[in-house]
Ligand code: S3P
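In structure tokens, the next block holds one chain alone, the form predicted alone.
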């Protein structure tokens, strides 16, 4: 089992970071959505993490030609997606498995999606069941709830589906499935989740719109889409670890370059700002996504209640919890039961790990209260194979020393995380 030892930071930092990993969500979608065109797509700054490279490899197994020119990847789709002669390995990526399930459910052929031991334990019925309802043939362990998933793709029906889960993965899977229908389909969620799929597909030519009553209308495609020509921005979720590092380290400041400023992706920064951190947003362009820089400066933090827009910050809550632990008053997270079915049970993993560091907490089924005003103690933390837990407690180690176990997951999702973390000491 891989282990990291993080030592306490002895002085403040003021640093510009421009080499944070590219956005994972957008990179996954670039690999998949390029298959919907009949012309080559040009992708700049594609994330070279294991999960996103798995999505690219799956595109190749489905017949795409991949030209890798370093910073530029050109994906030439096949005339028709081919039935692969091997399984399709999604690695650790729920995004990869769930979105490919939606894409392949409407594609003629037999496909098997699998992943690592952590992905194979995650729930898939949230995607499999609504896809089955519109005619998809999907099987797997526990009646299709656990991978490997076998998909026999074919003709699907149009639908009107009000999702009980605010999830960009579920939404994207259903949108991809709807593109092969004969009639418009409609999808609704209670709270808008990440909208990269809608933005990118609209830019490629899909007639997709959100109506006044919240229903997303998706018109099926009758011909191949326009190719992508996109530079993948920096991942604000990955950058957020260093936003927290600046917020909790006295007299420190960090400038995070070239992030997407999509409102559905920077909610965690808004929460950190509400807690008292000084944050500045500088927009520089807006093509597929609004892009720009975020500057974060240390300030005294106070407690906050987080109970809305949960789908917009579900990945950042573990790191936010580190800031909550040293805030001057209690913080509470509610309506976040989705955390229990991420790469780990993040509610349990976060609070129990904070408990090992001497933080007082109360756990609920859908969240937790962190008492705050804590002086973190050195501890040994098991990440449970969850990169968000591993990296959050690595950031906590800047205050108190820390050992984090099972850290191969960091290399999988954010290969240069430790390099950037160590640069704070320069």
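Positions refer to the first chain, counted from 1. Owing to the predicted nature of the structure, the values given are computational and were not obtained by experimental measurement.
Keep in mind that the form predicted in complex with the ligand is missing from the display, and what follows is about it.
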Residue 262, heavy atom within 4.5 angstroms of the ligand in the predicted bound form: no
Interface membership of residue 342, the ligand in the predicted bound form, 4.5 Å heavy atom rule: yes
Contact label in the predicted bound form: residue 168 to the ligand, heavy atom within 4.5 Å: yes
Close approach of residue 309 to the ligand in the predicted bound form, 4.5 Å, heavy atom: no
Among 137 to 145, 94 to 102, 67 to 75, 199 to 207, the region lying within 4.5 Å of the ligand in the predicted bound form by heavy atom distance: 94 to 102
Selected contact from 297, 338, 108, 305, since only one has a non-hydrogen atom within 4.5 angstroms of the ligand in the predicted bound form: 338
The ligand: the contacting residue among 314, 225, 113, 326 in the predicted bound form [heavy atom, 4.5 Å]: 314
Complete contact of 48, 52 and 257 with the ligand in the predicted bound form (any heavy atom, 4.5 Å): no
In the predicted bound form: members of 112 to 130 within 4.5 Å of the ligand, any heavy atom: 126
